[in-house]
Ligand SMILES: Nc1ncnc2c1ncn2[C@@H]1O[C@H](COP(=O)(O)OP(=O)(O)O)[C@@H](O)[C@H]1O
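Shown below, as structure tokens, is a lone chain in the form predicted alone; questions about how it binds or moves come after it.
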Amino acid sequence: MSKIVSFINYKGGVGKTTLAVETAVTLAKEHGFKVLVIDLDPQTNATFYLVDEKHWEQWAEERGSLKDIFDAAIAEETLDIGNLIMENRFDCVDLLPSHLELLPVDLKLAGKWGAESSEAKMIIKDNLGPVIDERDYDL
């Protein structure tokens, strides 16, 4: 069973992204853990830490990003989430990339289910759970 490690702070510029990516890479390379980095930040800094912008643009256009998970949930459509994951970044971690257009998603979710909806809060867990179990991520 996978463990979830989160790096959260309401203030910007405190090192969340650097700490998250460096921790993920170290745990994978030095300790052999199978790690999936999920970039939830619309600024996409963790994504760009692990992949160059040109590759990301092509990937997002052809395969998608985290934004597509929310868009599919809002439209009540199914989506092959495993197809969104970039494998073996830095030869050690997988990445579910963010998207610059993720910013208004919270308003769309609130509009569909309400600001306090547990359904909207569970989208990532409900959709990624099977993929995480199937790929046997440690973290």
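Numbering starts at 1 and runs along the sequence shown. Keep in mind it's a predicted model, so treat the numbers as computed, not measured.
Beyond what is shown, the protein has a form predicted in complex with this ligand; the following relates to that form.
**Q** Can you work out whether Gly12 and this ligand are in contact in the predicted complex, taking contact to mean some heavy atom pair no more than 4.5 Å apart?
**A** Flag for Gly12 set to yes.
**Q** Does any heavy atom of Thr18 come within 4.5 Å of a heavy atom of this ligand in the predicted complex?
**A** Thr18: contacts this ligand in the predicted complex.
**Q** Sequence order please: the residues of 73-94 with a heavy atom within 4.5 Å of this ligand in the predicted complex.
**A** Nothing in this stretch is in contact.
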